[in-house]
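Here we start with a single chain on its own, the form predicted alone, put down as C-alpha cells.
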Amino acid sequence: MEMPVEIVDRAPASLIVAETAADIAAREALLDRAMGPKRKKKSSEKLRRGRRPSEGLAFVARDASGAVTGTVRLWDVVLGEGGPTALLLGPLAVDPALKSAGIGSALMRHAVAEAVRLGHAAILLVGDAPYYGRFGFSATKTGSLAMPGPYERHRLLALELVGGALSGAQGTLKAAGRKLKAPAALTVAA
C-alpha cells in the first residue's frame, strides 16, 4: 500500500512504500548516516539479528526521484517466556538532511496503521518519550518487561493496539518470527 506524504519545506511530496530487496543498500547507508556506527550494538539489534521484519511491516519513504529518504521496520517478538506476541519497532530513521520535514511522523503513522490492519495487538520500541508519545507510546505498560542487554528502562515504550494486550505481560523480550535464510553453502572443487 502506498501513501503520499506532505513534506514541509523540502520537497513537494514523498511516497511511503513497502521495502524491497533493491532498497537494502540505500536503507543501510541511510541508517549509517542517521544513526552512526554504533547502531548495530544496540539491544534492539539483538532481537533483529538473524530475523526478517514482520510480514508486510517494512517501509521506506522515497522522494520524487525515487531515492530512499526514510525507513521503518517492525519485528515479531514474544513478551517473556511463553508470553504474548507483539511487535518491536525500529529502527525509524530519516535522512539527516530532511530532518523535521515530517517524514518520520508519516512513517510512524503508516507503520502503526498497517500493524492495526494486519491484526497485531501491541508495538514496543526503545526511544524518546517526547517524540513517540505523540503517537500514543508510553512507558506505563512496560514496567514488567525488559530488553535483552543494556538499555535505558525509561526509554522502553509501548502502544496497545488492542486494549489490554499488555496486561500481565512480563519478562525479557525474545526474538520471534521469520528467520533470515542461510546463505547457500559454497562448494569447493577438488
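Start at 1 and count along the sequence shown; that's the residue number. Since we're looking at a predicted model, the values are computed, not measured.
If you look for the form predicted in complex with a small molecule, you will not find it shown, but the lines that follow are about it.
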- [ ] Specify the contacting stretch among 143 to 151, 128 to 136, 47 to 55, 60 to 68, defined as having any heavy atom within 4.5 Å of the small molecule in the model of the complex.
- [x] 128 to 136
Open item on the list: Just to confirm, with a 4.5 Å cut-off on non-hydrogen atoms, which of 156, 165, 34, 159 contacts the small molecule in the model of the complex?
Closed with: 34
TODO: Give a yes/no on whether residue 117 approaches the small molecule to within 4.5 Å in the model of the complex, heavy atoms considered.
DONE: no
Open item on the list: I'd like to know whether residue 102 contacts the small molecule in the model of the complex, with contact meaning heavy atoms within 4.5 angstroms.
Closed with: yes
Task: Contact of residue 79 with the small molecule in the model of the complex (heavy atom, 4.5 Å) - done: no
Task: Proximity of residue 86 to the small molecule in the model of the complex, heavy atoms at 4.5 Å - done: no
